[in-house]
Every structure is written in structure tokens, then in C-alpha cells.
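So this first bit is one chain, no partners, the form predicted on its own, shown in C-alpha cells.
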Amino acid sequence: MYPLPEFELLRPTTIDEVLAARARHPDSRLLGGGTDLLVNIRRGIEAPAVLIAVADVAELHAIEATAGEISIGAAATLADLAAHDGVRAHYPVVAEAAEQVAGPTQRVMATVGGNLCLDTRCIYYNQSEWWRGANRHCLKTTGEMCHVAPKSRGVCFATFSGDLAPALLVLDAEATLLGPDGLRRIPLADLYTGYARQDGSTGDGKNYLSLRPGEFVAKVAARNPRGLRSAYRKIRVRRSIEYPVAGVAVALRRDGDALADLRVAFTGTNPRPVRLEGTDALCGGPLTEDICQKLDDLVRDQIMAMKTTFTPGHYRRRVAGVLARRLTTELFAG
């Protein structure tokens, strides 16, 4: 285990104190459970001089879930979210996503905000300092090329792997951000930038969040559309600890024998969580084999097949499609 470098740890107890600390230390990092950030610090990936712990800020821990809406503070732990009776009853996709992150000891520490803002991952990035140095580093750190796609012309293909984002995306969630300019609410989808495709995207695996300087996620909220069925599934190498090879959240509404609404979102595949575009065209009739094939086509077109882990990219894309089809079929069957 690599030793941690020296840093100053601040422990504010109110949101105003967090904002003041951020203003005094613009290069600081917020510390929730530290399950991702501290690992990166140990590996020498980053070395902030100041960490601002938010565990003592009671305002950021609240979880409220009724039949009509859900609101989750960014410092709420994944264990508390997964065990919350209201979340389990009315938002199973969120509870299931939280319950499948890492292992139980990590979930006790890991926070909602940390999972939503999880650093993108790559086989060439999440390694020790000497390993990265032997490979002349990569575009996401101090290198000049993306080793995943050497001809990417300055685009990083590191992959987003947070589990909560797709679960909340299918609920049309909204994020509340706080920063030097005050409060800002945005669709959760707008928190993430770019697909890392050569299509003029505004962000990639290196610049994957739209947070302004000094901003942080304070909470995330969503309404519960009537009659929506939802669930989350993922495939990983081991049944605990591992990040997803692919994870899928599905929410749908059935009207008689017809598929009336379908929302599908993925993680572990692209440099951002991806909510499939074009699913509206699959609705209006029964869930037939032809509709399932069209869903496969959407997945193939929008899910990337890049080797950012030891798992082949084409396998990841295939797994994503199979998970989406299975979960859609299960939810439609009721």
C-alpha cells in the first residue's frame, strides 16, 4: 500500500462553511467517504493540498422518498440509500443500484455525491505511478496520447462507472449544485459532458463533468411518474467490489398489452452515463421480438466498444445489449 501524502483536512458542519472553505481553497477537493478519491491520492493520480470533509454537514445527509418524489443529499451513504424503506418501495431502480456498488464495507462509507461524480476509469490510468510512468503516462494525466485510442486526436476514452447515475437518469432526475455564484439546478444528464466521439462533443473521459469552478453537487431529486416499473442490473467480474463491465437501468410503463413508455440508461461503457436516445419510437405496441431487436440496434449504435479495462470492448457492448433486453422483458412481464 502506498502512503498518503500530506494534506490539510477541514471539517465544516454547515453548507455555508463548506462554501467558505472552497472559496479560501479553490484547488481543494471535497471528501465524502473517500472510497475513490483516497485511492487516487495513494496512487499519485492527484495530490490536493486541502481536503474538505462533508461527513459532518447534516443538511447533505437527508433522504426523502414518497410515492410522488425523491430527494437525496449528496453526503448520504449508499448503504443508507439502499436500506431506506421509501426508496425501496417507490424507487427500486435507485435502491438496487446503490445496493450493487462495490461491497458492504465500501457502501457504508461511499456517498451519493461521490458516486455521481466518480472519476472515469481506464486500464492505463488507474495504475500505480511507476506503471503509468513506464507507459509514458496517458492523456488523462500528464501524457500526450490516449493509449486506448492513440489516433483520438486529444480525446480521452476513460469510462464512467458510477451505478447511481443511470438509475436516476431514467427518472429524469435533477441535480442541485452549489458554488460561488449560488445555487443552480440542472438536469442530471447535463452534469456529464460528451460521449468521447469525434463529433464535436464538449467533453470526454478527462473532462467529464460540467461543474463550474468551486461548484459541488448538494443533492439530487426526481419525481415518480405514475405506473413506472424500474430496476437495475449489472455484470462485473466479481460479485462484489468490482466496477461494472456494464450496468443498465430500465424504467417502463405498460398500458394493457402495449409498451407505453421506455427509458434505458447505461454505465461502464462510455465516458459518461448514457440514456438511450430513440426509445420513444419503440413504444405504442406490444413488446415483440422486433421491438427487442430495435432496442439492440440502439444499444449497438450508442454504446462504445473500447478496451478501457481488461474486458474486451465488444464484449462490454454485447453484455449491455443483453442486459437491456432481459430487464425490459422482465419488467414488461410484471
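Being a predicted model, the structure only gives us computed values, none of them experimental. Start at 1 and count along the sequence shown; that's the residue number.
If you look for the form predicted together with a small molecule, you will not find it shown, but the lines that follow are about it.
Peer 1: Please identify the residue among 102, 228, 222, 231 with any heavy atom within 4.5 Å of the small molecule in the model of the complex.
Peer 2: After the contact test, the surviving option is 102.
Peer 1: From the list 189, 211, 83, 258, which entry has a heavy atom within 4.5 Å of the small molecule in the model of the complex?
Peer 2: Going through each option in turn, the one that passes is 211.
Peer 1: My question is simply whether residue 183 lines the interface with the small molecule in the model of the complex - judged by any non-hydrogen atom within 4.5 Å.
Peer 2: No, residue 183 sits far enough from the small molecule in the model of the complex that none of its heavy atoms falls within 4.5 Å.
Peer 1: Check whether residue 193 has any heavy atom within 4.5 Å of a heavy atom of the small molecule in the model of the complex, and answer yes or no.
Peer 2: Taking the distances in the model of the complex, the answer for residue 193 is no, it never comes within 4.5 Å of the small molecule.
Peer 1: Residue 217 near the small molecule in the model of the complex, any heavy atom under 4.5 Å?
Peer 2: Although the small molecule is absent here, residue 217 would touch it in the model of the complex, with heavy atoms inside 4.5 Å.
Peer 1: Applying a 4.5 Å heavy atom distance criterion, does residue 252 contact the small molecule in the model of the complex?
Peer 2: No - in the model of the complex, heavy atoms of residue 252 and the small molecule never come within 4.5 Å of each other.
Peer 1: Looking at 239-247, 258-266, 167-175, 85-93, which one sits within 4.5 Å of the small molecule in the model of the complex if you count heavy atoms only?
Peer 2: Of the options, only 239-247 has residues within 4.5 Å of the partner.
Peer 1: Using heavy atoms and a 4.5 Å cut-off, decide whether 283, 298 and 329 all contact the small molecule in the model of the complex.
Peer 2: None of them does, since no heavy atom lies within 4.5 Å of the partner.
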